[in-house]
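Let's start with one chain on its own, the form predicted on its own, as structure tokens.
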């Protein structure tokens, strides 16, 4: 079994809110100084599920990511968890691609990688939370897609996927190859071992450009965007407090009920 795991680098969600900044002009998040980005938490769960399948079914794991800067760190994190190979997609032409452009770029890279049985993605990116790339990627590749999974069990040439529901879970059977998006219900991801970290650090990860995967320039970047960010801002939160006073508890309760009716809480 060959598993491809798509991962994304995001700003560290543990950064204190006071350090979170945006650039209104470019509509982008300003990386906080001295705080390195990390792998998206849902993508890390996808890596964990891939490692479990590898342990039980002798699978091969290829990790793929797209982004500027030092995105090799997120690939090496996934390799240290148990991945076998990695691919980095990096080109200035890829920048400012929306979910559709990102899925198209990933699809071209996956076609270059060759045969596969399963593609795993996080249920959504932990920064923008759109949850679109996985489903769009499956549509482009023409394979089945199952979302919000907590477990996968291979059954011959098919997979049994356990999907998270509001009141439990449902079991879906699908032929392979297919794409599955993984939810946090899969459980906590393993910590990379010391030997895994050393081996990942020594691994040479190829970097593919737009030319390497033969992308159509009209389908990536701003030219191929299906969506547009109109505004990006940090919401202002205001808190007010009103103290209700009375001579007795009963009178205070009446005044409180009247106030709650006035502001339409009850």
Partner chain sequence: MYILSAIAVAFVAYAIYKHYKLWHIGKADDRSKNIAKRVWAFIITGLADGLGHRRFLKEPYPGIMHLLIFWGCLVLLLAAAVDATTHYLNIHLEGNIYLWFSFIVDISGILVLIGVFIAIYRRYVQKPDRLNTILDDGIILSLIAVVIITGYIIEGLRIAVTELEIHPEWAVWSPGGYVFAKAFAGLDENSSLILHRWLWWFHAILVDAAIIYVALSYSKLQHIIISPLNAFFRNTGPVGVPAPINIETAETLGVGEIKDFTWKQLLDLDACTNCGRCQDACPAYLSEKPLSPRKLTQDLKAQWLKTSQFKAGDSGGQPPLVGGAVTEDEFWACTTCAACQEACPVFLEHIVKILDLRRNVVMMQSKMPENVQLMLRNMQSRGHPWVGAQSLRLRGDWTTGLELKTLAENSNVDMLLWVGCTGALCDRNVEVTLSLVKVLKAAGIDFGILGEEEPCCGDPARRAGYEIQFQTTAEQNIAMLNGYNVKHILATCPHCYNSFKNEYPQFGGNFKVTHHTELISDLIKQGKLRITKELDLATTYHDPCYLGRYNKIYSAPRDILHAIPGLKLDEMNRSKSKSLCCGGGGIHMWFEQPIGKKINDIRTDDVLDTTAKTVTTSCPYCLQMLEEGILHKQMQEALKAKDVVELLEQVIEQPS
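Worth saying up front: this structure is predicted, and the values here are computed from it rather than measured. Numbering follows the first chain given and starts at 1.
Although not depicted, the form predicted together with its partner chain is the subject of the following passage.
Proximity to its partner chain in the model of the complex, defined as a heavy atom within 4.5 Å, holds among 226, 28, 56, 202 only for 202. Among the residues 36, 206, 217, 68, the one placing a heavy atom within 4.5 Å of its partner chain in the model of the complex is 36.
Checking 37-45, 209-217, 56-64, 236-244 against its partner chain in the model of the complex, the stretch whose residues place heavy atoms within 4.5 Å of it is 37-45.
Within this chain, residue 14 lines the site of its partner chain in the model of the complex, having a heavy atom no more than 4.5 Å away. A residue is said to contact a partner when one of its heavy atoms sits within 4.5 Å of a partner heavy atom; residue 160 fails this definition for its partner chain in the model of the complex, lying far away. Although the partner is absent here, residue 190 sits close enough that one of its heavy atoms falls within 4.5 Å of its partner chain in the model of the complex. The shortest heavy atom separation between residue 156 and its partner chain in the model of the complex exceeds 4.5 Å. In sequence order, 192, 193, 194, 195, 197, 198, 202 are the residues of 192-218 having a heavy atom within 4.5 Å of its partner chain in the model of the complex; the partner itself is omitted from this view.
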